[in-house]
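Quick setup: one chain, the form predicted alone, written in structure tokens, and binding and motion questions come after.
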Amino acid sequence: MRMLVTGAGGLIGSEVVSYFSGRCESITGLDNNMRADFFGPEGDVRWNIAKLETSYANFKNRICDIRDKDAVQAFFREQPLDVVVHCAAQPSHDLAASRPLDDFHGGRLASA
């Protein structure tokens, strides 16, 4: 089975990767590290993505903003998949209130 996990660097996404790593031929993560944009260095998930890539040989992450329709469509054209687990989410309800368009407009890539 070939799996895609969006938000792979986050809490739920990284747990999905860990759980399915022994059950999948390959797992690709898509994460744009938006938590670093929202929360600064303490929100950065690069350490978690690196840990997953080191721990699971069948896991690879790609920096991709799922709000970027063209990038996501290109990914799906080039990558055969069997399962998609969508874990990417708004990391802060409080900040979302002051930055409402962040959830809908891609193109702004956080430190990745």
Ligand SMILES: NC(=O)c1ccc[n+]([C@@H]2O[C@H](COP(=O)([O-])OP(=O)(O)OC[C@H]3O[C@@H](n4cnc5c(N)ncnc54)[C@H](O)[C@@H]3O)[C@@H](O)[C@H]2O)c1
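Residue positions are given as counts along the sequence shown, with the first one as 1. Here the structure is a predicted model, which is why all the values come from computation and not from measurement.
Beyond what is shown, the protein has a form predicted in complex with the named molecule; the following relates to that form.
None of the heavy atoms of Y56 is located within 4.5 Å of the named molecule in the predicted bound form. Looking at N33, you'd find a heavy atom of it within 4.5 angstroms of the named molecule in the predicted bound form. Proximity of C64 to the named molecule in the predicted bound form: non-hydrogen atoms within 4.5 Å are present. Of the heavy atoms in I27, none are within 4.5 Å of the named molecule in the predicted bound form. In the predicted bound form, the residues of 1-16 lying within 4.5 Å of the named molecule by at least one heavy atom are, in order, G7, G9, G10, L11, I12, G13.
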